[in-house]
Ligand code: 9WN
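Just the one chain here, laid out as structure tokens, in the form predicted alone.
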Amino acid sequence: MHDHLPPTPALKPDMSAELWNSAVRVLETNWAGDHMVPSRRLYPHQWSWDAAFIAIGLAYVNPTRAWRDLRSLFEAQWPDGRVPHIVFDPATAEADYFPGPAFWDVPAYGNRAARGSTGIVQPPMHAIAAWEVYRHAAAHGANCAQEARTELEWLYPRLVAQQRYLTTDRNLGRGGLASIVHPWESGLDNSPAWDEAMANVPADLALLSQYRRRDLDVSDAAHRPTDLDYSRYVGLVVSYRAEGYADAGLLDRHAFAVECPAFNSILASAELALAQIAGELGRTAEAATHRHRAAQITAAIIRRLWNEETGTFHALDVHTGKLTPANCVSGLLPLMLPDLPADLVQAIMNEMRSNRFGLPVPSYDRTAPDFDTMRYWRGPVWINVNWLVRRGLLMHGFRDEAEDLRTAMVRLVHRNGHFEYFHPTTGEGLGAPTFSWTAALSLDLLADRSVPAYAKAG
């Protein structure tokens, strides 16, 4: 018997209208002038991969804002191409969020003032978002189509620079994949996928005396990472910050470097989206190059992160060369890759259909002894990850399961609200309420059932 949310019947039109209207209200509430905040209380700045997911849904109701959100993020891009995981709002007080601008202490760069961003990254969802926003905005009429073309041309070289940074400076394992150097870079912050690698990171709880957590002031401690985890997170930032966030020689001085299957699947998918964008902009040669890079990253994911014994993908600790034993949702996301061999597609589907996961997909193996229904990425259901899983299902022709998942996600949010994440058994909303990417992706789930274009790319 699967211990997860029950199958859901078809959606009623009035339910869809209610959800659409409530999602629009969330996005209106969280707009901050030139960017969207994930949630007013807990996340008062601009987050990188949030901006990508948000833009995808926002394009249906306000394409100008969708473009503005992406543009304001990329205006904070570093000269080396990295896109910071947080762009700080100078109107927000240091005391209102930790770790804030003073803690990160990023030097001035380009025309940006010092302390304007963090020094780490998040999954490069932005090329996928730019293509989706372009596709949706073009349907709004001639004026929106022209704006979309202008924005796409502005973003394209910046997206290319982002990919170049991740595939070169962050190829720490020299195997063709990007390494994350902090769990926060994965977007799956406290996933069990990092437990073994994090066990080798010094934990100095005294850091939490020096730097006080703010998340526990506005959210339940049972839902958030532990103090032990948090002390390691802070310590890793201190380590990376010490050399000005430089990546040269990083493996020799930094305790955490991991190749994540989700991050790298998004990296490869971004190349495929860039191929679509380049084609639209008349850059045929560049389009072919992007497709070639996507194929190279896909091959490296298979070569380095596939575990024949478990029949799924796992994170790789670059320091030890070992795959993590944890079965996490990140191991299912290579389903997004159109070139994944059929036997590996089937293996992922077997894993997804097993008692360990099921739809909607939880963030961690339901049968694991440390599965936690409440704590962030150690059990709960997240809409953004399930949105990516659905993309993979569509990519490989699993239309019925993709539609079942779409219906389940829409019903989950309609019933429980636009929460950050959800209890994997009861569906109760957890974490921050009025959460932007949950609202934005709800709009996309209601509006678009098409297969990603590059499923058919040559």
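Numbers for residues come from their place in the sequence shown, where the first is 1. Values in this document were obtained by computation on a predicted structure and should not be read as measured data.
Beyond what is shown, the protein has a form predicted together with this ligand; the following relates to that form.
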item	value
Clash verdict for this ligand in the predicted bound form, overlaid onto the shown chain (3 or more atoms within 2.4 angstroms of backbone or C-beta)	open
Within 4.5 Å of this ligand in the predicted bound form, all of Y97, W184 and Y230 (non-hydrogen atom)	yes
This ligand contact in the predicted bound form: Q122, any heavy atom under 4.5 Å	yes
In the predicted bound form, F419 touching this ligand (heavy atom, 4.5 Å)	no
Contact label in the predicted bound form: D69 to this ligand, heavy atom within 4.5 Å	no
4.5 angstroms heavy atom contact with this ligand in the predicted bound form for G392	no
Options 134 to 142, 369 to 377, 109 to 117, 336 to 344; stretch whose heavy atom lies within 4.5 Å of this ligand in the predicted bound form	369 to 377
Listed residue that, although this ligand is not shown, lies within 4.5 Å of it in the predicted bound form (heavy atoms), from E147, E280, D189, E196	D189
Of H290, H314, H85, H126, the one that lies within 4.5 Å of this ligand in the predicted bound form (heavy atoms)	H85
Residues within 4.5 Å of this ligand in the predicted bound form, restricted to 53 to 67 and counted by heavy atom	none
